[in-house]
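Next comes just one chain, in structure tokens: the form predicted alone.
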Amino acid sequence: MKKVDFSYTWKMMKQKKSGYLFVAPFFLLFLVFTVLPVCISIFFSFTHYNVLELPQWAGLDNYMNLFLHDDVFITAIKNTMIFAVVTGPVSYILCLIFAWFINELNRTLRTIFTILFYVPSISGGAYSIFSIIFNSDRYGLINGLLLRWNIITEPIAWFQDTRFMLTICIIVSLWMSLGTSFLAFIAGLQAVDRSLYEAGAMDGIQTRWHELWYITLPAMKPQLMFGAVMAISSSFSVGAVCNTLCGFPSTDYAAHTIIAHLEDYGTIRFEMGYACAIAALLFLLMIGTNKLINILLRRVGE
């Protein structure tokens, strides 16, 4: 194992102390408000803690209860994994495709379409729009069309029917997914050196797909990694969409996610030790997925 020369490291830090001073405020904020809470949460996950009393050491009891006695948590894992498998890759690919096509437009059209695609992710209008589309009475757009075409005989309660709840929430999530990742991809495409395409043409690259795979994507790997992290975070932390559309808790927990389960035990029941165990498992799941995405992104352009 290679030894670290601490004296040399300290010497280099002293030489670049002005840079470290500029980084220090962010580092301190990150340490206090991100690293420290995560560490504290992991500690509390091994305790019985209700906020009002001192925590009592519980060992692995919380984790054992989650997998052996909490059927709702198993349902939440299943729903969250469905969300992550569908919305994560699909939203990531859609962001990349739309960004690629929009980048080919002139500056004015590119600005207009960027705003149009980005707005749904920062506005709450999607909830209102889909509430109207999937309204449970005959005045809802989908119910009205199905009744007019004699496909159904009575309106469907879309947000209470366990057959459709999760699917509708996935559709709404995809509609709202063109957000920060989309802007990052636009920025990455704009930053690609145009001379690389000329060099690629001289090396035998002829089609746009070859340009995308061998030049464009490798040149914007930092943006691809950032977009992947955002996609993973948003797909595993889904909860607001389901709670807003289907209520909390949803019918038969058909749209119940890990985040909803975490909010239930953390903000309603105040079983903070149990809630921290849920958060720790979600954190490990996201870290593992992130590592997998890292491995896959390294193969881009090969």
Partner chain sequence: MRKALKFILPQKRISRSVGGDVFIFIFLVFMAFLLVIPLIYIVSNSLKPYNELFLFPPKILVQNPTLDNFGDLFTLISNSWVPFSRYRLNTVCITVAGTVGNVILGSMAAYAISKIRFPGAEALFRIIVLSLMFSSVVTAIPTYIIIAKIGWIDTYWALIVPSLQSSLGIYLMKQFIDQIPDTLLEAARIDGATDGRIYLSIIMPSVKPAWLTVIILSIQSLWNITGSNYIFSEQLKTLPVAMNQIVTGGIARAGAAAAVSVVMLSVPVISFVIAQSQVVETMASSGMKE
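For the two forms, the rigid core is made up of the largest set of C-alpha atoms that agree within 1.5 Å on superposition. Given the structure is predicted, the values throughout are model-derived calculations rather than measurements. Residue numbers count along the first chain shown, from 1.
There is also a form predicted together with the partner chain; it is not shown, and the following applies to it.
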Point to revise | Stretch from 98 to 106, 157 to 165, 68 to 76, 84 to 92 whose residues place a heavy atom within 4.5 Å of the partner chain in the predicted bound form | key: 98 to 106
Exercise for review: Establish, in the predicted bound form, whether 60, 239 and 252 all lie within 4.5 Å of the partner chain, using non-hydrogen atoms for the distance.
Suggested key: no
Review point. So, in the predicted bound form, is residue 190 in contact with the partner chain at a 4.5 angstroms heavy atom limit?
Key: yes
Exercise for review: Answer yes if any heavy atom of residue 175 is within 4.5 Å of a heavy atom of the partner chain in the predicted bound form; otherwise answer no.
Suggested key: yes
Exercise for review: May I ask you to check whether residue 27 falls inside a 4.5 Å heavy atom distance of the partner chain in the predicted bound form?
Suggested key: yes
Check your understanding: in the predicted bound form, does residue 46 have a heavy atom within 4.5 Å of the partner chain?
Key -> no
Practice item. Would you mind checking 25 to 48 for residues with a heavy atom within 4.5 Å of the partner chain in the predicted bound form? Key: 25, 26, 27, 29, 30, 32, 33, 34, 35, 36, 37, 38, 40, 41, 42, 44
Review point. Is the C-alpha displacement of residue 284 equal to or greater than 2 Å between this form and the one not shown once the rigid core has been superposed?
Key: no
